[in-house]
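Next comes just one chain, in structure tokens: the form predicted alone.
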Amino acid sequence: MSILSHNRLLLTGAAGGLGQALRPRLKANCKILRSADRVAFGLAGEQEELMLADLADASAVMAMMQGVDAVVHLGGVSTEAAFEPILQGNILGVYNLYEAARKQGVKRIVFASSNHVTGFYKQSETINASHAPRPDSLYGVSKAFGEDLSRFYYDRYGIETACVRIGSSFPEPKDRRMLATWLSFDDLHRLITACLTTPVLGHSIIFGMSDNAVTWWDNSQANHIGYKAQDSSDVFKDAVYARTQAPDLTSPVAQFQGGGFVTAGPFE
């Protein structure tokens, strides 16, 4: 169920894969959806505003944030890459976002963190939000920075944040690892809706996953958010097994939760 909870909601990273999936869905959560990205991404739809803004440009981010009630922040680099683009989009960019939120009086942000914050835990382990970060990549490091920065802005300025450690959000799982990490687009929207509407969000970490039988993540510390997944990777299991080979258990890719990210790079 979606709840119309805000007048103007900001969606960053609207041109990306998850941004495109959420854009039509998030209109149910607000009167006006302000969709933003640094590249052109089409025309504004009904009850929608479009803005172009580079997250590394503080003045552009300040303008993007004006008149906003809450933010769904998907913007930035979304995979492992060289450090410079990660620095600009995910480190400087998230600082600019929170500074603009502070100055504009925005008090609730849903921050798209990542399972790669904890990618160097083993697939044989079950972890929760109290486990220390173990990033598997520069990308994971940047998301851990964003989680720490958002906690500072909550403790100092009272800006509530849900750090959603998104697993693998695609139409269906692509491989055996994703049977544990899969998050359907509809469940992602349900999770964001819960984060936007829970009476007291505080600073919360929640793993973004559907109701999968196999899981490495325990969300019991986020029960106050009220998220209930309705989809599951289980219906895809037979098809995934049929088209994929058994993993090489001596490979770090199969040993660690981060999968291929634990061996990606270095990037020149």
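Model, not experiment: these values are computed from the prediction. The numbering used is simple: start at 1 and walk along the sequence shown.
There is another form of the same protein, the form predicted together with ligand 15L; it is not shown, and what comes next is about it.
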Open item on the list: With a cut-off of 4.5 Å between heavy atoms, is Y98 one of the residues that contacts ligand 15L in the model of the complex?
Closed with: no
Open item on the list: Quick check on F152: any heavy atom within 4.5 Å of ligand 15L in the model of the complex?
Closed with: no
Open item on the list: Residue-level question: is G167 within 4.5 Å of ligand 15L in the model of the complex, judged on heavy atoms?
Closed with: yes
Open item on the list: Taking any heavy atom pair closer than or equal to 4.5 Å as contact, tell me whether S114 reaches ligand 15L in the model of the complex.
Closed with: yes
Task: in the model of the complex, the one of V106, A144, M178, A129 near ligand 15L [non-hydrogen atom within 4.5 angstroms] - done: M178
Task: Contact stretch among 167-175, 153-161, 121-129, 193-201 - heavy atom within 4.5 Å of ligand 15L in the model of the complex - done: 167-175
- [ ] Sequence order please: the residues of 66-86 with a heavy atom within 4.5 Å of ligand 15L in the model of the complex.
- [x] S78
